[in-house]
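Okay, here we've got a single chain as structure tokens, the form predicted alone, with questions on binding and movement later.
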């Protein structure tokens, strides 16, 4: 499945924060003016952000893009506040200049036929970014979207606006959509048939399960993996991914998008 694109050379960009605020419970939307970066990024790639506020933290924070607007020179990042780095990022005021390395990694690549997009939690960010591209290109798609609760649900409206034929929501507590995980929503949509590929991002168990469902349905599947990408350019070897045949790959350089059938789950 030739679905990855050639990686562009990452560079250092100074980006101005033009918006940064809550978008759902525990989820923030960062909007940056980044003329060059917005023209270089592709959906599925990520950026490494130097977050101010603690001089002892020398590592950048890897974040997926949820929106790329080259005509406006903007890049949007939807992120969950889960640690000190993202907490400090949530406190960065408008007008701040951030040092951002990107574009990093491989994106989703070209999609042909009808796609099923599956996301859990903040894994919806790169899925929404791809949905926006598919909508512009006229590629049909449906989406399965999971979250812990209605309050933490993010991406449903964005997927609908992008042109999804159907968005099936699942929440752990049943407060929105069907009660259960995104895997249940994905299974119901896959049962309808007609998909040429599945794209998935979210917690590791979700991606492993969706990869299994897609395999049983005979549909190729791509996954956007999450690893501890400490450097972002393949030097530290902290984000290795085990592939079939005993091979090792670097998530930050060879991914984050992989063919699910090649990943050792």
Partner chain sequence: MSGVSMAVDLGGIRMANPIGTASGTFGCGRQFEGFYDVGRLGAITTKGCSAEPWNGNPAPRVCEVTSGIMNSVGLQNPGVREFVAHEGAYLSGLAERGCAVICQVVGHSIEEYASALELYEELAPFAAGFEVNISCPNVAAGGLAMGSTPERAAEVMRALRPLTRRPVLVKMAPSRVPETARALEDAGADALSLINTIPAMSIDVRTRRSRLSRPTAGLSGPLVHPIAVRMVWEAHNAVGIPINGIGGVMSGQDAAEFILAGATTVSVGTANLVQPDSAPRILAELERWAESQGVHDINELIGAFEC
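Positions refer to the first chain, counted from 1. Note that the coordinates shown come from a computational prediction; the quantities given were computed from them, not determined experimentally.
Missing here is the form predicted in complex with its partner chain; even so, the following discussion is about that form.
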| item | value |
| --- | --- |
| Residue 12 within 4.5 Å of its partner chain in the predicted bound form, heavy atoms | yes |
| Contact of residue 196 with its partner chain in the predicted bound form (heavy atom, 4.5 Å) | no |
| Heavy atom of residue 227 within 4.5 Å of its partner chain in the predicted bound form | yes |
| Interface membership of residue 59, its partner chain in the predicted bound form, 4.5 Å heavy atom rule | yes |
| Options 207 to 215, 25 to 33, 66 to 74, 234 to 242; stretch whose heavy atom lies within 4.5 Å of its partner chain in the predicted bound form | 234 to 242 |
| Partner contacts for 243 to 261, taking its partner chain in the predicted bound form and a 4.5 Å heavy atom cut-off | 246, 248 |
